[in-house]
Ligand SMILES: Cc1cc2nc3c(=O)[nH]c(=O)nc-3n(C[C@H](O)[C@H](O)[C@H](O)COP(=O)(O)OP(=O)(O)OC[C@H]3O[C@@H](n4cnc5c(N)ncnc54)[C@H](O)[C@@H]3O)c2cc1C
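For reference, the chain that follows is the form predicted alone, supplied as structure tokens.
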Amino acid sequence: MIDVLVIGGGNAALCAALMAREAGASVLLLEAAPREWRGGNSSHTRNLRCMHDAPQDVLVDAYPEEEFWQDLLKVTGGLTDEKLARIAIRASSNCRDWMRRHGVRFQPPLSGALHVARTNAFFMGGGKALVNAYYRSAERLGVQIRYEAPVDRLDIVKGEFRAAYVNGERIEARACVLAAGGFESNRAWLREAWGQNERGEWPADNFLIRGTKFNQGVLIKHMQEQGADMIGDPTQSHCVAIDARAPLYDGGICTRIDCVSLGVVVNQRGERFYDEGEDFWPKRYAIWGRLVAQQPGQIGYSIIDSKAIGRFMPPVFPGVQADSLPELARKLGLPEQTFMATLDAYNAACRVGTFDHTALDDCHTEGLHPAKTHWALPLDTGPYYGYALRPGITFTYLGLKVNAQSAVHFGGVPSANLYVAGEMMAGNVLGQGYTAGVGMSIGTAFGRIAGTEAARAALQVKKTERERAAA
């Protein structure tokens, strides 16, 4: 019998498998995807948000624990478990040496990468390189890996794991780590969760999925049915405003539109609906998908002028270009009269001070609702550009409730041998909102914890088995 079964193939699952193997346990990892699509959403990541009290290689200045916590508290609106959040924050300060030992390399951020050189460590080669490094290390250490091995149910007796089923095959293990992602690729479930709005629309029908198509939430649903303690709102997620031309799945980072704070965003009526300059983009980019989801037709339009060019990472698709704002409205199919009234009111309300996109500057609007509180420059320099936006779901926040040991709970009681990490439990820390790189912080921290705890539980069971056999 295998000691530790890890279900999932992304960052959290790999961290769990590596830690369990390092602790002396035999490990089998089950990845639902084919080998060429392995790694889940981790393949689309770029960086890890890191606490540090002084400069560290690719990280500049300092990003102390309390500032990290306050950033997280602000974006979640208090919907977070402080104890678990601080575990992830503190773990982010000392995990990179371990990551390097398993082949992960870091680099400074590219120019225009959301101004996060102080807070985030970027993976050389991106998430795909990180995933490949972990798989190479796992294979070298003797972790067994099976691809195209989707788990559809578990055998759980009184809160304890017994076995998992893959295409009818029963796989037993002494302990198990669940790290199989959220349910963002299950469009029927998204539709059920979001329901029908007051306009008679089904918003989820217009969502795009930024990551893997394999995250169907099968085990989340199964664990609900098994009576596991759940946490999170099924409509809450890491939801980004992405290019409306992005593919349904696996669009990744290159479809994100990062110029929102440099211009204005209007809906299909040609009206603004939120403060584009509320806070730094890394702390606010992941609210815009939900904001767009609440608009008619679940679509928005990011509008900039030529002054913004060179100040953001250009997306893979070029924007719609026009020499005048009325022409841009016509090209985007927006009502020209309302659009121009919106833009004229915005331009007139701008109070320009000292523009600085790397700071909360004093360029703001006056007498405008909604206000733009920073980086408010008139849109008056052609050519002008527009990007149609759709909600892009990265991962969902509904998941399993855990403790500091990352144990799954049943009726408030932690399981003795079943653990969970990554997207399947991120809702303990992320009740809503997001800040750049924190998903990888959570997955890395609790993946390592889950693997360590699963190995401890499994090896204790194995020791007891041997003692009984020898008696």
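Just count from 1 along the sequence shown to find any residue number. These numbers come from a predicted model, not from an experiment.
Just so you know, the form predicted in complex with the ligand exists too; it's not on screen, but the next bit is about it.
Here the marked residues 13, 211 and 219 all reach the ligand in the predicted bound form, each with a heavy atom within 4.5 angstroms.
Between the ligand and the residues 378, 335, 150, 370, the one pair within 4.5 Å by heavy atoms in the predicted bound form involves 150. Only one of the listed residues (302, 298, 215, 261) places a non-hydrogen atom within 4.5 angstroms of the ligand in the predicted bound form, and that residue is 215. Stretch-level contact check against the ligand in the predicted bound form with heavy atoms at 4.5 Å: of 33-41, 51-59, 404-412, 64-72, the positive one is 33-41. Although the partner is absent here, residue 438 lies within 4.5 Å of the ligand in the predicted bound form, judged by heavy atoms.
The shortest heavy atom separation between residue 180 and the ligand in the predicted bound form is within 4.5 Å. In the predicted bound form, residue 253 approaches the ligand with a heavy atom inside 4.5 Å. Proximity of residue 45 to the ligand in the predicted bound form: non-hydrogen atoms within 4.5 Å are present. Annotation for 68-96: no interface residues with the ligand in the predicted bound form [heavy atom within 4.5 Å].
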